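For reference, the chain that follows is the form predicted alone, supplied as structure tokens.
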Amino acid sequence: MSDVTIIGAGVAGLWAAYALSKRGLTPRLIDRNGNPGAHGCSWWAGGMLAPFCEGATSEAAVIAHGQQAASDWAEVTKVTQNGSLVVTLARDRAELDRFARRTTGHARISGDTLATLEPDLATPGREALYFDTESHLTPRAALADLLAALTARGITIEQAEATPDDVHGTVLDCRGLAAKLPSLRGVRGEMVMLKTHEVRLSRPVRLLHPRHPLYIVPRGDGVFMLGATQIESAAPGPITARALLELLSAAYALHPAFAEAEVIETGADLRPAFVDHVPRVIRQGRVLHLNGLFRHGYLMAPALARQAADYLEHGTKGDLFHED
């Protein structure tokens, strides 16, 4: 515990440093790019802390651990606990029924109730699932706030190229795909930032669609984040024309006013994922790999960091811990 180095300063590495600092340590934190930015997938995240919604496709561990994420993040940054909505187009109502069967923690709403929550979405006959305990945050602000909390504890990011072989002592490898774990793969995700004052939303909204599922997260001041494609590909590069078309078409289907919105930013990156999409702490000798966050980075990073810190301090092996 006295000689710990963390390599990688995305959301996993920053949370690992924060978890260790709460145990009285000042770990060395190294990242080849320095402070978080557009070079990492943490920069392009939606920031939804929505464990019950994720239950539609995720394993039980994600739902269980994700329920603590909002309170964890609230220690360092602003968390908006306004719930989340899941909606469909009228022709796709069966998708809403299917989503409802696969999830818990929601109420089915329509009419005046939906109009009270999100007036701009309350079209005749529209129904929605309301997950009232879910939350969201602004990822870039959250990263900056987490970094500020670390700086106040004497931890800063050292910009340098490093692998576990380059440092002594215990290493927490949080480099994502750069760690080159044999069971890890890249899943490409693309996003769009829009700005319009013609649509007002106060919480994340998921639009279920057989071909182009979409989520929209309000960022404030008329800015909305649209995400995200999920493509089994490790190809890097900017957003594709197909992805941009699909995201914008789905947004237009949700509310026609999005057709007049400004496109202010686009982005794409590769999310590291294991086959079951559950993140892990994997021990290889003196190295702990914190990896496989997939699309659950902000939801699961605090839990992953906590289990790594528990192991280093007490030898406790939580349910996300694996030996290699």
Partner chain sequence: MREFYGVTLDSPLMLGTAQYPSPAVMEAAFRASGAAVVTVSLRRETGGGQAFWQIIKGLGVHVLPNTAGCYSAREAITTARMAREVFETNWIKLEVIGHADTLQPDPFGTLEAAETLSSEGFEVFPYMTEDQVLAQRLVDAGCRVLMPWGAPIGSGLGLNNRYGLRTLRAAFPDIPMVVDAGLGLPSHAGDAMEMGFDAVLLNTAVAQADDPALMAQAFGMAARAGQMAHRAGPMAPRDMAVPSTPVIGKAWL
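A quick note: this is a predicted structure, and the numbers were derived from the prediction, not measured. Numbering follows the first chain given and starts at 1.
What comes next is about the form predicted in complex with the partner chain, which does not appear here.
Although the partner is absent from the chain shown here, A235, E246 and V275 each have a heavy atom within 4.5 Å of the partner chain in the predicted complex. Checking 115-123, 96-104, 147-155, 200-208 against the partner chain in the predicted complex, the stretch whose residues place heavy atoms within 4.5 Å of it is 96-104.
Among the residues A74, V223, A162, I231, the one placing a heavy atom within 4.5 Å of the partner chain in the predicted complex is I231. Interface residue among R242, K78, K180, H168 relative to the partner chain in the predicted complex, by the heavy atom within 4.5 Å criterion: R242.
Under a 4.5 angstroms non-hydrogen atom cutoff, the partner chain in the predicted complex has R185 among its neighbouring residues.
Heavy atoms of R108 never reach within 4.5 Å of the partner chain in the predicted complex, leaving it off the interface.
In the predicted complex, E59 approaches the partner chain with a heavy atom inside 4.5 Å. The partner is not shown here, and in the predicted complex the stretch 107-126 never reaches within 4.5 angstroms of the partner chain through any heavy atom.
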